[in-house]
Each structure stands twice: as structure tokens, then as C-alpha cells.
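To begin, one chain is listed below as C-alpha cells, in the form predicted alone.
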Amino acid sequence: MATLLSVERVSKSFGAVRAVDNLSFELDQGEALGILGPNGAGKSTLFNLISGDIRPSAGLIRLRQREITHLPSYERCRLGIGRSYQIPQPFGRMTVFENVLAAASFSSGRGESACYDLCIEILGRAGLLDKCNRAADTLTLLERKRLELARALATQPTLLLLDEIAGGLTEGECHELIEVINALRGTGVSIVWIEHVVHVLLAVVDRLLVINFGKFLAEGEPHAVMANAAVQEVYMGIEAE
């Protein structure tokens, strides 16, 4: 299977703190990769490096073999990288439909009317079609998470970055989210997903990558990685024998 994303020996320092430290991994087209790590492990910094929100101190990032290391975030978006953010920040006074429309029009460079059908389709996939005329600031947490996902999908990504999209949801809401994400996988979208709710990741991803202090710790089949003694010690506080 063709490689979609390559992160090659990437590092990012903030003063004396190295948030990401010589990290490398690849993502194949159509694959879903979960990323785990304790708080402060460098997960969100890694996402910001891939999306172009910040630039690396060292290393290369490639999308479909094209180097994008120094491209701004809007160009990466138009090349097919979409992302959600850990804390949803929709345009609160705009409707749900208008939020998705803004993302679709920006990413495609097309007029708003040309994006209407796409937005309706995406709102249906995200389970928000019946909320399309609601102001975004009236939504519940689950609905705001769905809107965050819909806005990312409106950019028509080939690579979707999900940043703790299950955080704060109830168990039932998590199951609803799993159904939505698994349905997306059937469309061929590749996913990299940061999440602390481990069982949600295990229900979706093909592979897990665990990092700690910005460094590689473990990678592989999800259940095998979770059984790794080093992962259990660092991530779950279980001392290795």
C-alpha cells in the first residue's frame, strides 16, 4: 500500500524543552493510526507540526512523497490535510451549516453556492443535518465535537488529524462517535488520532504509536502495544516486573 504521510526524524524545541525528539513514522493510504502518550508527551505538538501550525526545529515531513515541511497550514489544508482541535471553537453566532460552509469554501477556493451539496452530505455523515440551522454556540458538547469533525471533513481531506475528539464524552456518546469515525474509514480517508480514551482508539485504529517526552516508545498492533511492559509503566502507571 502506498505511503501517504512520512514524518522523518522530526524534532521541535521550545527553548530548552524538546517537545518532539527525533521522531519518525509513516502512515499508509487508508490506514488509521492512534497516538498515545501521557500528558506532556508531545502529541499535540506533533499534530501542529503535521498541520503546519508550527515549524519543526529539525527533520522532514512529506505528504505523498512531496516535502511539506515549510508549507503554511492553509496550503497543507488544500493539499488534503484536515484536522480537528482538542477544544472545539466554532464560529458561535454562525449556524452549523455556515460553519461547515466556511471550511468547504476556504479549502476549495470555490464560491459558497458551489459547496452547498457537499456541506449537506457532510452534515449527514456527522449526524448534524437536523441541527444545520442552529447557532453553533447552542450545541451540546457531543454536537460541538461532531461539528469540529464536520468542519475538518468539509476541507475534503485525504489525511484527517483528530485531536482528543472523544474527550469529555459519555460512554454512549463515545459509541456514537466510533460509529461515525468507522463510517468515515469506509470512504478511504486516512486518520491519525490522538486520544486518551483508549477503548475508543482500539475500536477504530489499525496501529498504535506511543510516545513519551517527545520520543518513540512503542509501535504496532494495538492490543500488542497495550500489553507492552514499557507502555503499561509509562502510560498506565503499572510497574514492569
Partner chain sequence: MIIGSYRVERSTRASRAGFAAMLAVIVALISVPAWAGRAEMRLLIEVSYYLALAQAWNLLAGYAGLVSVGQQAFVGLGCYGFIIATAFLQIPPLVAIPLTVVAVGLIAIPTAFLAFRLRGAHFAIGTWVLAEVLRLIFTLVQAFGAGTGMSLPIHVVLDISENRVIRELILYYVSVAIGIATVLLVFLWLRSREGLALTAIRDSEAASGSVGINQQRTKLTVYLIAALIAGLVGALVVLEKLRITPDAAFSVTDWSANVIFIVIIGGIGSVEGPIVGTLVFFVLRSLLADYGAWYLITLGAIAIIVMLKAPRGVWGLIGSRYDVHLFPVQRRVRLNLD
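Here, rigid core means the biggest group of C-alpha atoms that superpose within 1.5 Å across both forms. Numbering follows the first chain given and starts at 1. Since the model is a prediction, treat every value here as computed from it, not as a measurement.
If you look for the form predicted in complex with its partner chain, you will not find it shown, but the lines that follow are about it.
Although the partner is absent here, Arg83 lies within 4.5 Å of its partner chain in the predicted bound form, judged by heavy atoms. At a distance threshold of 4.5 angstroms between non-hydrogen atoms, Gly124 is in contact with its partner chain in the predicted bound form. For Asp53, a non-hydrogen atom is located within 4.5 Å of its partner chain in the predicted bound form, even though that partner is not displayed. Looking at Thr95, you'd find a heavy atom of it within 4.5 angstroms of its partner chain in the predicted bound form. Shown without its partner, this chain lists Leu101, Leu139, Leu161, Ala166 as candidates; in the predicted bound form, only Leu101 has a non-hydrogen atom within 4.5 angstroms of its partner chain.
By the 4.5 Å heavy atom rule, the three marked residues Asn182, Gly186 and Val197 all fail to count as contacting its partner chain in the predicted bound form. Taking its partner chain as positioned in the predicted bound form, the residues of 101-117 that bring a heavy atom within 4.5 Å of it are, in sequence order, Leu101, Ala102, Ala103, Ser105, Phe106, Ser107, Gly109, Arg110, Gly111, Glu112, Tyr116, Asp117.
Core-superposed comparison between this form and the one not shown: CA of Ser105 displaced by less than 2 Å. The two forms, fitted on the rigid core, differ between this form and the one not shown by less than 2 Å at the CA of Arg78.
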